[in-house]
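Next up: the same protein chain in two forms, each one alone, written as structure tokens (structure 1, then structure 2).
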Structure 1
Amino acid sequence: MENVYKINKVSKIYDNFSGKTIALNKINLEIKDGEIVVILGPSGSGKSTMLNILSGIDNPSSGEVYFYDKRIDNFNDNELTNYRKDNLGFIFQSYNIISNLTVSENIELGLNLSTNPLDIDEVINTVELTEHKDKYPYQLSGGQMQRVSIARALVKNPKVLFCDEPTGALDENTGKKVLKSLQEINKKYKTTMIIVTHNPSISEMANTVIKMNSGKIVEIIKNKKTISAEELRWA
């Protein structure tokens, strides 16, 4: 399997009132194509920063980031936008769906960007929102809103799906349903999934688990066997 991401000595340093904060400290990492990767760590470990840098939302202070052997850390704003448009999908903890648009319109927002999108009805079906497609976000539960977010990301047919704490605002049952959807997508579309979470039980469904603490990778675990989302022992 080829590397979808390779990062060399990437650091991210923030200037703030109390001095400098090293969010990432000379990280080296490779992520294989088609894998489910879980980045695990407590609050402040640097996992969200890592996600932001891989996804082009933020730039590293130093180091190199490669996406399919193409260096992306020196992209300008336009190039980064294109990179995200053509290759990535995002799922956020706070869903970030547009309250003035219906479910299907929110998903269409993602579809509109892609030159090779998936069938919108199929995607809506995949996330089990067919009967809710004309509803507004305020009429949905948290889990349903997160699935809208997933569908919007997925319909683009991205190569990589970034998920920042996708189950952070959800209960166990709903969280498992969301994770199950992600697993099915990975299986069906071979989409690489990079999931950032502080919930260690999710790591059992991942192919690779990257443990982070204080801006450094402390351990990389390759799971020989992964379990389905329904079987996860929830933390």
Structure 2
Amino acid sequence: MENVYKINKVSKIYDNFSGKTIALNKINLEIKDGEIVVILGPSGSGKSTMLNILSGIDNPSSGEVYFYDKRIDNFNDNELTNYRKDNLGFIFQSYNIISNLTVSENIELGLNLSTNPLDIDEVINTVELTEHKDKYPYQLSGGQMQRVSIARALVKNPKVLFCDEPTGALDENTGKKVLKSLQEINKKYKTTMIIVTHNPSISEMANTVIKMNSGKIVEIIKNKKTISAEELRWA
């Protein structure tokens, strides 16, 4: 299986009033194409910094970051913008959907960011929002709004979906429905999925689990068997 990401000796150091903070400390990592990857760790472990480095939102202080065969840590601002636009989708804990647009109209926003978008009705059906497509956000539950944000990210047909605490604001039942949508997307479109979370239960649905603490990878687990989102034991 091909590497979608490979990073070599990546460090990220922030200067602040109290000195230097080492957010990532000489990280080496490979992420395989088409996998569900969970980056797991407590607050301050470096997992969000890792997401920002991989997605080109931030640059490493040192080290190399490869996306397939392209070294993205050397990209200029325009190259980074095109890299994110052409290859990546983002899902956050906050839904970031527009209140005066319908479900369909919110999802259509993703079409403008792609030269090879997916069929919007197919995407809406994949995240089980067909009967809600003409509703406005105030008419939706939290889980439904998160699935709108997932569909908006998916419709642009990204190679990688970055999910930063996608269930952080949701209860167990709603969170499992959102994770089920992510599993369906991975299965149907072979989209590489990188999920950042502090919830260890989510790791059971991943192909690869990266455990982080204090800016370092402390363990990488390859799950021989994954379970469906509905079967997760919630933490």
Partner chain sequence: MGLLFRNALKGLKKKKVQMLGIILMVFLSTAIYTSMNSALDRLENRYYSYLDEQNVEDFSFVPVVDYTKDISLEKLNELEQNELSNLEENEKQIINVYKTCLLNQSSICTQNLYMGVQGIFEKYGAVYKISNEKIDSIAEKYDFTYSLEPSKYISDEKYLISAMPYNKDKKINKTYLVEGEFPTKDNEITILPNFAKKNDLEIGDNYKIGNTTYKIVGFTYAPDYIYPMVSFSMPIFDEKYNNVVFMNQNTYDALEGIKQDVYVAKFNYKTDPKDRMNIQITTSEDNQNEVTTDNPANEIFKNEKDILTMSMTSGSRIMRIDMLQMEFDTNRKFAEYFLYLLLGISVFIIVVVSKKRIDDEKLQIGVLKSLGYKSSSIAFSYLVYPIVGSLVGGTLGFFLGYILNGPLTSLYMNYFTVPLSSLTFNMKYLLSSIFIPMVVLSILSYFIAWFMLRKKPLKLLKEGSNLKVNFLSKLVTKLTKKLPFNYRFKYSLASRSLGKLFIVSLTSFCTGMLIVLTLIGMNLFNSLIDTSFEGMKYKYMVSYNTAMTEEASDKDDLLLQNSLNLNRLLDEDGNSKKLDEDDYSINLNGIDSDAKNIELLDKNGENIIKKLDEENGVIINENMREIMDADIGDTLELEYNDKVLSYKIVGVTESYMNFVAYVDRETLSKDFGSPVAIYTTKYSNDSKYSSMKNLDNEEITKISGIFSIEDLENNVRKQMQTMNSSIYIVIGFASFMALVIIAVIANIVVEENKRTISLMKVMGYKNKSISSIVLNIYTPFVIVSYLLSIPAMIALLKWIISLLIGDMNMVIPITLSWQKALIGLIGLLIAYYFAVNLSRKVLNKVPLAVALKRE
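Computed from a predicted model, the values in this text were never measured in an experiment. Take the two forms, find the largest set of C-alpha atoms that superpose within 1.5 Å, and that set is the rigid core. Residue numbering: structure 1 sequence, from 1.
*Asks:* Quick check on the two chains I just loaded: which one is the form predicted alone, 1 or 2?
*Replies:* The form predicted alone is the one given as structure 2; the other form is structure 1.
*Asks:* Is S114 one of the residues whose Cα moves 2 Å or more between the two structures, with the core superposed?
*Replies:* It does not, since the S114 C-alpha is displaced less than 2 Å between the two structures after the core fit.
*Asks:* Using a rigid core superposition, assess whether T102 undergoes a CA shift of 2 Å or more between the two structures.
*Replies:* True for T102: a C-alpha shift of 2 Å or more.
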